[in-house]
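Below sits a lone chain in structure tokens, taken as the form predicted on its own.
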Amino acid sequence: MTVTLDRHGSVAVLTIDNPPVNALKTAVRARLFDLAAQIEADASVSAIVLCGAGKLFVGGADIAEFDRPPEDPTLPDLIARIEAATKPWVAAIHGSALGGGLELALACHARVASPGATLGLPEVNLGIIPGAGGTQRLPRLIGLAAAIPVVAERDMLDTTRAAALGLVDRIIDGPLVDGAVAFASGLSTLPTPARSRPLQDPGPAFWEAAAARMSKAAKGQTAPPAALAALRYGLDHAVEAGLRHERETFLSLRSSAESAALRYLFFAERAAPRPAALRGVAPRDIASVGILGGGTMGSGIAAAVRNAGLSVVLSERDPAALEKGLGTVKCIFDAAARRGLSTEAEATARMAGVTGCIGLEGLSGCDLVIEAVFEDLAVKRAVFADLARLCRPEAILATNTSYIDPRAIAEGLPSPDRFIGLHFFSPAQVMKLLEIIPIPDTAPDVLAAAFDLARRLGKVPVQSGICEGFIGNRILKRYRAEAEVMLRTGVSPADIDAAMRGFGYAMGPFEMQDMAGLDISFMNREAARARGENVPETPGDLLVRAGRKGMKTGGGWYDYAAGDRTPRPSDEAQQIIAPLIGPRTSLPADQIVERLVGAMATEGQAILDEGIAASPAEIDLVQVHGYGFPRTKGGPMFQITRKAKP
């Protein structure tokens, strides 16, 4: 049964039971709609309590229905019926009331909640706005200043804040249903519905500030400013017109390519931490993590791990390097406190959970050791030979390599079943992607532990097979190669970069190379040449040999003024690379984008064909979370699939 009806004296208790998140699918709405009419006609019922079974109230609408025409009764239909009731409805909220779930609670005449509940309208994450009255009812309950962050800026309210704002009428410390029934029984009059409450206009300056904030935070997404516009429309034209405008905007956005891309990623992200092959496999326990190497990557990994509440031991080769590494970790925690992401007390506590050691012996008691030294096979093999000797037999050993075949690193190790690749992305405390690369010997509980670690770190895990660069760097290489093909035919770096920024990237391929440093790829090519491989000379080689290594040297593909990260077209760079560049030409921006995205998708298809990735969605997760592919475009595989549809 999707909704059950119980009686507590004269109070009817309706419980939504649609696991796992009590989504408001058509059958749930229809059952509630019918029960609302039945209860309204029952003279023995004085009030209604609406609650959710399981761990939460209602997690939202059924997103799987978004690609179908609206089915009756719609959520606005259900909400209108509840709101028009002559008997009080009380929403009893525990766990979460999100999206359509909160809109359903807003339709009720009152709301009570357990401590620790979360209330929000996160629809903008899916490229839409609330479509069942959220933009109109919420501000009439808590005011526009508090409602805008919830409706348009992804803000979530806990029980305490919601009660302080007037969204929650009472916090129930004991059993929720019992408390809600007692509250409903005590209502002597029918509370005024949210839609009928007054709303004050805060004035032009308020709206100008909100629009400016939205423009900066939206990062090109359509839904946040549309949500702000819906809020203002309801103020300017009254609630009935506001509800119509909101619904029209919701339906229009729901059918957009942007929303389709964001919903696609939502499902991909939800599935990522739970690979089917690991169902029923208990992960190996991890409570303490050793990090070998305190450079930028190692320090970032240490901070990410410690932020998840795990104890950390950071190992370096000498006291000076260790002091520097620990200092970097401390700076990460302090910077988070300055930005308001944590308190100073939390930053201090996190740093207290990080210890340091010289050499490898101090890592012997860790449950997991992650190697983050430089990319040299001989060095890594020596490190793991020592770790295999020092660490407990059940301890997991992981390499953070981004290119080297992990099978070669693990060759000859005793108990290779505990070895795995964990490819973090820099800065590791920020970037959400974690590529997980098992070797053929990796034990299932070690692989499960890697996925569980990603979940605890708040990262998006993607399993990759073994190939050069794994999924992400292999596609990045193809992306850069296609950009260089266009460059060699005379298309300027500035035109290529501008086209990709227009598509939604934060920066184009040549700007990205300047920021990362041209010398890194140059040294890789030089190493390949030293091994006797035939690696043709590239324009980037000419720039590095001329001392132009990117932003850090004041010039790469572009020129940079001292202390200024703004790229400026460089005549000097053009002269240096001229021997390898054809006559100046131009391409329309859409053709540049089509070629670069097409190159990524072609390489992605090859990765699928070789069994390196399990699905197109996993490739897109890698590109979105590790390489800056615009989220609103879904990923290269999503783009090509949509283009192929008739």
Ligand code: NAI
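Please read these numbers as outputs of a predicted model, since none were measured by experiment. Numbering starts at 1 and follows the sequence shown.
Another form exists, predicted in complex with this ligand; not displayed. Remarks below refer to it.
The stretch that touches this ligand in the predicted bound form, counting heavy atoms within 4.5 Å, is 314-322, out of 211-219, 564-572, 529-537, 314-322. Checking V151, L292, V305, A91 for any heavy atom within 4.5 Å of this ligand in the predicted bound form turns up a single hit: L292. With the partner omitted here, the residue from E375, D495, E83, E484 that has a non-hydrogen atom within 4.5 angstroms of this ligand in the predicted bound form is E375. Although the partner is absent here, V379 is a contact residue: one of its heavy atoms lies within 4.5 angstroms of this ligand in the predicted bound form. Looking at G298, you'd find a heavy atom of it within 4.5 angstroms of this ligand in the predicted bound form.
This ligand is not drawn, but in the predicted bound form it has a heavy atom within 4.5 Å of S402. This ligand in the predicted bound form comes within 4.5 Å of no heavy atom belonging to T553. Residues H423, F424, S426 are the ones in 411-435 with at least one heavy atom within 4.5 Å of this ligand in the predicted bound form, listed in sequence order.
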